[in-house]
Ligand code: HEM
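Okay, here we've got a single chain as structure tokens, the form predicted on its own, with questions on binding and movement later.
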């Protein structure tokens, strides 16, 4: 009796193969963004296992080359001294960047194609949760090397979290273990970074994929003419698995070339935490928030009952991102226009949605540019004008163009 037959009698593998392994996958290149995000998560887990085996999540002082240094900082120096240790740590860093970018672009594709509408609202919400959770995990990873850069960057995040009226102090206690940095800060952030939040992320990824398999992929517009009423694509076994394997190997090649060519976060350059604050810029996915914080006057403050207040940190770091997040969450329920379940919509088919999306992208670009205001010698008034009028101009131009394109196509 063959091994397959033995397993088939017990697990009904033939039924599993017919139901899941023959599932059709679309071949359009934009659909690979979700797979790239999944590849990044796999690499993050594998490289993270290596890092956790050699990292000490502690701020206790240890002797290293005649100096008293934090144990977390020394353990990262040790990792860098191992064969390929610095490259693996760098690959972990860049894989996080690629995951954030691919999840964001994946959601952007869903947005401009209208694939968030009924009956796909739940998967849209899960996608937003995945993006938010990925960014939070990446931010927590900032703190772990415990060098001058990571401590300064984490203190900015701590200040934003603590600025939330009424519950800010409680959030600081739960996430940071109290006034950052304390002896409990690194162990607590470490546990969140390597255990609790990745487990939650894994569960959300599994649920996201399960719903996608149940509802089936949306399809490019041309599929409606080529195979109306059918799922156009290639089966998971063996074709999709082959394509994914090639893409994964390509991903690994590009990632490790990048990791070796650009070593991420050289902690010996920043040095251990000290009294001086290093000049720093956050990574690109935080830079737009940093830019907004740069141009909001610190004098902006609105008193609230009970001694609380709305500060500039809360406005730039919580309120504005929170409003954008709330709009994204409500979007499937506010956009009640009907669409065919299986087919994506063309951007020109909905000029308002496409133009608003482009306007928001320009808002992010200008807010990111504001993070470099000192380097470019820009004033707050100039940047506020740019932040208001450039996105509005982008929205108007895109709307006019989409109307003209849809007029010709329609």
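In this text the structure is predicted, and so the values were computed from the model without any measurement. Numbering follows the first chain given and starts at 1.
From this point on, the text means the form predicted together with the ligand, which you will not see here.
Enquirer: On the criterion of a non-hydrogen atom at 4.5 angstroms or closer, are 91, 97 and 137 all touching the ligand in the predicted bound form?
Expert: No residue of the spot touches the ligand in the predicted bound form.
Enquirer: Is residue 118 near the ligand? Define near as a heavy atom within 4.5 Å, in the predicted bound form.
Expert: Residue 118: no, not in contact with the ligand in the predicted bound form.
Enquirer: Indicate whether the ligand has at least one heavy atom within 4.5 Å of a heavy atom of residue 127 in the predicted bound form.
Expert: Contact with the ligand, yes.
Enquirer: Test of understanding: in the predicted bound form, would residue 365 fall inside 4.5 Å of the ligand by heavy atoms?
Expert: Because no heavy atom of residue 365 falls inside 4.5 Å of the ligand in the predicted bound form, the answer is no.
Enquirer: Does residue 70 reach the ligand in the predicted bound form if we count a contact as any heavy atom within 4.5 Å?
Expert: Looking in the predicted bound form, residue contacts with the ligand do not include residue 70, since no heavy atom lies within 4.5 Å.
Enquirer: Looking at 185, 123, 163, 294 here, can you tell me which has any non-hydrogen atom within 4.5 angstroms of the ligand in the predicted bound form?
Expert: Partner contact (heavy atom, 4.5 Å) among the options: 123.
Enquirer: I need to confirm a contact call. Of 230, 281, 221, 216, which residue comes within 4.5 Å of the ligand in the predicted bound form, counting heavy atoms only?
Expert: Residue within 4.5 Å of the partner: 216.
Enquirer: At 4.5 Å between heavy atoms, only one of the stretches 107-115, 166-174, 137-145, 153-161 reaches the ligand in the predicted bound form; which one is it?
Expert: Selected range: 107-115.
Enquirer: Counting only heavy atoms, which residues in 231-261 are within 4.5 Å of the ligand in the predicted bound form?
Expert: Result: empty, none.
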